[in-house]
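In the form predicted on its own, a lone chain appears below as structure tokens.
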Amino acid sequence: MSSPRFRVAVCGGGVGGLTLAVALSRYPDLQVDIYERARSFSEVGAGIVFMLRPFKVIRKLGKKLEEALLGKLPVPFSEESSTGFRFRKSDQPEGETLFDMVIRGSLINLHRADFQGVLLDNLGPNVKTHTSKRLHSYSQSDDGTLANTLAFEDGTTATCDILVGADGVRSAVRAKMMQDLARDPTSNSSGEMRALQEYLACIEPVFSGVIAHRALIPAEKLRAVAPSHRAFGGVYTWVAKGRVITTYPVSMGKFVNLAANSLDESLMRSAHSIDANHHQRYDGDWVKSITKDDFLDKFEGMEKEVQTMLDLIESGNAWVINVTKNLPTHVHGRVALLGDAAHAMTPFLGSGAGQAVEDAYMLSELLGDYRVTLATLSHALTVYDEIRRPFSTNVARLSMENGFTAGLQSGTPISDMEERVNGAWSWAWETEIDDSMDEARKLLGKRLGA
């Protein structure tokens, strides 16, 4: 067996990390190692949503993957115009329909564990997986001539030619990258210079002001008490002042996924701030088990159909939604960030997973380009940063703004709400990644002198 063109280490086996590994499976001359900190690959959380744009990206990764995912959907997929989210004003006993958001393409609603399982089934023979490997730190040579060295908390080490941090909002890779940039700000290839404290302020996650209360409601139980409940009919967003609940069927209709968000407007408005002197942390556990009574207390007074769902909850979890500050770069030397490690965002566009998928696809296309060698890896990474970072940063901004609108905190008149929500979301079906990918390939060619 010939030596690989170069070796890629992926830290994190969630949506972004596994998608990258599947995408790199198309290039057998690359060696890929996934390091997952848990004992097994098990995705936390419940539901996951893809709009048309990121689903078209998934399609590019192979027919087998696409068909396996479509087989998990309760209804057939279509690229035709359809009703996406149905918005209801729910701060009263009898709610009222605000509008039905018409989108292009069906919403892809999946259980996270189903999506992860399909990704694992589609890894190529050039990909090796490693569990119980929590990254402690890494090192890379100043001139990029030596391999990166990874140090894990169990005392073991590994080497690679490029490290990709897909290790979530608490990213150890991001922490080390920002520490290195603080020591030598001139090494930021993006040209966006920041003061030492600004880099250090990007290490820790920031409390967004949003807490998501999540539960899976057995459809059989809901149907027994409310056979014609709206929640069976698609994706609903139930809104009230400072509260936004989204529901949709998952696992072939066996469950209704419920994500009930409570919003703190003042904290939300400063969450993505680059101000090094501003950092808001949540004191307490980020994830904790909660009971039906916790749901009923937090979302008291919302319409009857919401209360019917809450009454059926047996248990759930409260998730503190932490985000990242807007980072000055997503790459440094031969290290890159993707997904939540790079741009953790609020859930109000349902686009966190989709952006991780887009990151993974573009990075894989650049690394897989036949013109990229061990000596020119840094050019591929800087192009990835220049194209993807502005886009994902803007999606994070739009998600936060959509949270203000849906939580009735933006000052937007109810009559203008539909237009504002559509404006925040339309990129997800009106645009495709192809234009950005073409731009990235052209820019890579210029950097390589090709």
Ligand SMILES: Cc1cc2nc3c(=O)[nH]c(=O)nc-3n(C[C@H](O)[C@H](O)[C@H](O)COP(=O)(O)OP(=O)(O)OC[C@H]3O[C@@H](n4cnc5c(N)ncnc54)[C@H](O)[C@@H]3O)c2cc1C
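Residue numbers run from 1 along the displayed sequence. Model, not experiment: these values are computed from the prediction. Rigid core: the largest C-alpha set superposing within 1.5 Å between the two forms.
Missing here is the form predicted in complex with the named molecule; even so, the following discussion is about that form.
- Remark: Ser364 does not count among the residues lining the named molecule in the predicted complex, judged by a heavy atom distance of 4.5 Å or less.
- The named molecule in the predicted complex is approached by Arg134, whose closest heavy atom lies within 4.5 angstroms of it.
- In the predicted complex, the named molecule lies within 4.5 Å of some heavy atom of Arg37.
- Contact annotation: Thr324 falls outside 4.5 Å of the named molecule in the predicted complex, judged by heavy atom distances.
- Partner contacts here mean any heavy atom within 4.5 Å of the named molecule in the predicted complex, and among 338-346, 83-91, 117-125, 368-376 they occur only in 338-346.
- Contact with the named molecule in the predicted complex, judged by any heavy atom within 4.5 Å, is made by just one of Gly352, Gly316, Pro205, Gly209: Gly352.
- Only one of His272, His229, His111, Arg214 lies close to the named molecule in the predicted complex, with a heavy atom inside 4.5 Å, and it is Arg214.
- Of the residues in 70-93, none comes within 4.5 Å of the named molecule in the predicted complex through any heavy atom.
- Once both forms are overlaid on the rigid core, the distance between the two CA positions of Tyr361 between the shown form and the other one is under 2 angstroms.
- Ser351 shows a C-alpha shift below 2 Å between the shown form and the other one [criterion: core-superposed Cα displacement of 2 Å].
- For Phe152, a C-alpha deviation below 2 angstroms is recorded between the shown form and the other one after rigid-core alignment.
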